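Starting off, we have a lone chain in the form predicted on its own, written out as structure tokens.
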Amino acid sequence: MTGLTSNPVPGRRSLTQISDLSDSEIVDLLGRAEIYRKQELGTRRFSDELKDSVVATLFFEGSTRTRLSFTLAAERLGARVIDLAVSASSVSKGESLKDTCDTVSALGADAVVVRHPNEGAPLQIASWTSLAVVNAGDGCHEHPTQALGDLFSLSSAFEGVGNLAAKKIAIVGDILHSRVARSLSALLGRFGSKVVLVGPPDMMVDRPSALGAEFSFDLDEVVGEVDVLYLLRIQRERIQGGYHSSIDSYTRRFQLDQKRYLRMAPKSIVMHPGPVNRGVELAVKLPEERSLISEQVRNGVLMRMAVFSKILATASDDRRSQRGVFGD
């Protein structure tokens, strides 16, 4: 499928998975994010291009960083943000997901940012409502805006997305449950990067080739030959809940420690979606020029600004034209 998922209302589009985007739309988002970065470097961090838009955040799983990133992105463009605290809402009293989305729509929202433990929930919501739906992570499926922000960071680091075709990128950790790994593998493969998924057997997907990637159970086998080492956050509760691998076993085999860091290619870089579990996936202090971790956070906001601009700007223009140049 190409093109952002269409909703019934003209100008409102949804982003539920990477496959919603054509290559040209991805390049357009990178360009928009770059414009916002240049404005930010020039101390212009805010605009009013979405001043008539309302964005609702609907998080059924905890995620302070992602929620704040979306909120900052929307507010920097002038949108108003409704933060629905699921634990304090009628959802906790048995309200259905569809009822909740109908309520959000009735409150006047134009877009809803959804994080949900069930795979496919954002796509389902997009089929129910005229809201523009942005997936902020659904189960173990995808996290498209994280991957797009990471692509923006990589494109900047290697001076253009076209230069990613010659790069080899290792994604290391709990591949099985990682929506970041799924979205980023799909995205990088479309721009010609060679992706290798690295982790213990019980944290590996059944068919890495379905993600357009190779795989390895041995970090030492690949650490010296990659351009990018993307470390995934290890979720302790999941390891304790049934993995054969213990934390100690994992750190011995897959942690980026000083020894492995010294074996990396001289110009290779390290990424991590955050928050970092110090002493688990990472146990070395990285020089600024070898780490994109802080840039990923900043660029995540810029990319989410680009996404909001793309899916909501047309709808805002339509509303302004209906009311007249000077508003109501």
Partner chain sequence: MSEQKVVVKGGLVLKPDGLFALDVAIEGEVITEVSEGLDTFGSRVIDATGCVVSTSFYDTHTHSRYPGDSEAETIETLSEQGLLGGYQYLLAMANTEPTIDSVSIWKAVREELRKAPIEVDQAASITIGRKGERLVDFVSLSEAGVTFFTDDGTGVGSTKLMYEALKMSELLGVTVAQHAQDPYLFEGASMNLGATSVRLGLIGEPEASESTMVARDIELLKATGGRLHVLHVSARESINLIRMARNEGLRISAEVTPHHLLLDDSLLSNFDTSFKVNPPLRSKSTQMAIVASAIRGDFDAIATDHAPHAYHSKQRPFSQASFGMIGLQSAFSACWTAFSEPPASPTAIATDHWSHRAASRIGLEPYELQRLHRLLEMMGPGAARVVGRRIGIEPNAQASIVICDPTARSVGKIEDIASHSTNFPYEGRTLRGSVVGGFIRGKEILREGKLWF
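A quick note: this is a predicted structure, and the numbers were derived from the prediction, not measured. Positions refer to the first chain, counted from 1.
Omitted from view is the form predicted in complex with its partner chain, to which the following refers.
Although the partner is absent from this view, residue 119 contacts its partner chain in the model of the complex, with a non-hydrogen atom inside 4.5 angstroms. In the model of the complex, its partner chain sits beyond 4.5 Å of every heavy atom of residue 194. Interface residue remark: residue 14 is not counted as part of the site for its partner chain in the model of the complex, having no heavy atom within 4.5 Å. For residue 140, a non-hydrogen atom is located within 4.5 Å of its partner chain in the model of the complex, even though that partner is not displayed.
For the options 157, 97, 219, 161, the one in contact with its partner chain in the model of the complex, meaning a heavy atom within 4.5 Å, is 97.
Judged by heavy atoms within 4.5 Å of its partner chain in the model of the complex, the contact stretch among the candidates 224 to 232, 254 to 262, 121 to 129, 146 to 154 is 121 to 129. In this stretch, 37 to 54, not one residue has a heavy atom within 4.5 Å of its partner chain in the model of the complex; the partner itself is omitted from this view.
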